[in-house]
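Encoded as structure tokens, the following chain is the form predicted alone, with no partner shown.
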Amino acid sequence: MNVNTPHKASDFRPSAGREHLGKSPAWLDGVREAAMERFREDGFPSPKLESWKFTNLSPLARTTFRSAEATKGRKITRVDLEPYRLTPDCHLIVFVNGRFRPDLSALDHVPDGTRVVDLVAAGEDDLQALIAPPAVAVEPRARTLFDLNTACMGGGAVVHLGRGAILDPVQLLFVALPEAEPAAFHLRNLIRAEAGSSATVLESYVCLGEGTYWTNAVTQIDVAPNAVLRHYKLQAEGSAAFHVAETSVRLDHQAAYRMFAASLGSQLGRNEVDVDLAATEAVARLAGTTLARGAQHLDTTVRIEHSMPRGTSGQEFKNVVDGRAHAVFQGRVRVAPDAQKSDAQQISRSLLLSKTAAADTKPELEILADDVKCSHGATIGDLDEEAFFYLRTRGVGEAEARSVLIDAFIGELIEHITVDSARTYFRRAFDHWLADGGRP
């Protein structure tokens, strides 16, 4: 069944992109219909909304997308995926054009007490967690793509760790094979870490081929008391792709969440991360980088809510922007009235490599408690002229000197990744980008 998703929000149909999931519970059908009605009423977010002021989705809204179908063209093998795997022996679940591919996955040795399955195999409790609202509330009109995902979700992974379980690592690999007509992939993932469990999870979004498509992804994460989740994400979509994603994280008592995200693909991308430190002594450490060139527009928007006392959060994000590209970082931290003894730190830095490159940064602190430790900072600048001159006077070529300074800027952030395999993975992705000199 080929269901088009045309230009107007009112023309979207709730069945688009989810036909292969089979019959869903009646209550879920009701949730889907309600979400679609909200999307039809509000449409795509616009720059008139404060949280979207730097990102215009008009190019996305003007594109007609068909629903995801089984791939008709190129066939791929495990060999094709080797460059994108975290490690040769990691647990792996693969989706191609939004469809689960057991033949390309490696799930035979998932340890006891854990489940890594396709969305089709989600249980009732998983489905309830999947359709939960985002962890941090914002204006409903800013969440319409989340609603669209709820209505049309047609694929994704469920990673469920039982009490005390260890899963280290597992990779969720989403591969796009563009075809003649632009397709939309509405992906929904769930990561649940029960009390005392520990996991390393990598989400990778990559493309084999050329063509226009749209990834609209939502990842719901619940980290129970004393559990630890190390969560990584690589957005390396195709050059003509659109990528919009929401990661929603809820942390319980003494839960720890550590994230690193790299965005370097797509023509237009937005990565939203919402974290609620919903119980005492929760810890969230977030870091990431945006590498933009050509005419790319890449947006990272982070919202952290300190809801309870003695929570700790830290953010460090760095952008490298070249050509006519535009990078955005928005970071909002809210400390609730009862969240005494909270510690929230945030910093963002942007490096502009050309006169036509642009970066917008908007750090925000809303502190409603009086016994807290909070700070934020943001800088935007060019390559250090003195350091560049120093390298040139010592015989280093212009291109190499440029690469050395970019490497020093981003490399430090990558070195802070605590998991060796993940550090190597992102180092490789950065080196590949840097090999082009950051040029458009």
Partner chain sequence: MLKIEDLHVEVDNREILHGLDLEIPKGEVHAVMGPNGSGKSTLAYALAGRDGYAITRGRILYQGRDLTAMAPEERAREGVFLAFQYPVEIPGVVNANFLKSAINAVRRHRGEAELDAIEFLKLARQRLKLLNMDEALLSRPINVGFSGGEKKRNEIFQMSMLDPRLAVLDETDSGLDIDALKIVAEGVNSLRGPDRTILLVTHYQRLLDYVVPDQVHVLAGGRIVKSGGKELALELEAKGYADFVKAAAA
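Residue numbers count along the first chain shown, from 1. Computed from a predicted model, the values in this text were never measured in an experiment.
If you look for the form predicted in complex with its partner chain, you will not find it shown, but the lines that follow are about it.
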query	finding
Full three-residue contact with its partner chain in the predicted bound form, heavy atom 4.5 Å, for Asp360, Glu364 and Gly377	no
4.5 angstroms heavy atom contact with its partner chain in the predicted bound form for Trp27	no
Glu398, heavy atom within 4.5 angstroms of its partner chain in the predicted bound form	yes
Residue contact check: Leu60 to its partner chain in the predicted bound form, 4.5 Å heavy atom	no
Contact label in the predicted bound form: Lys48 to its partner chain, heavy atom within 4.5 Å	no
In the predicted bound form, segment of 400-408, 367-375, 51-59, 33-41 with a heavy atom within 4.5 Å of its partner chain	400-408
Any residue of 385-401 that, in the predicted bound form, places a heavy atom within 4.5 Å of its partner chain	Glu385, Glu386, Ala387, Phe389, Tyr390, Leu391, Arg392, Thr393, Arg394, Gly395, Val396, Gly397, Glu398, Glu400
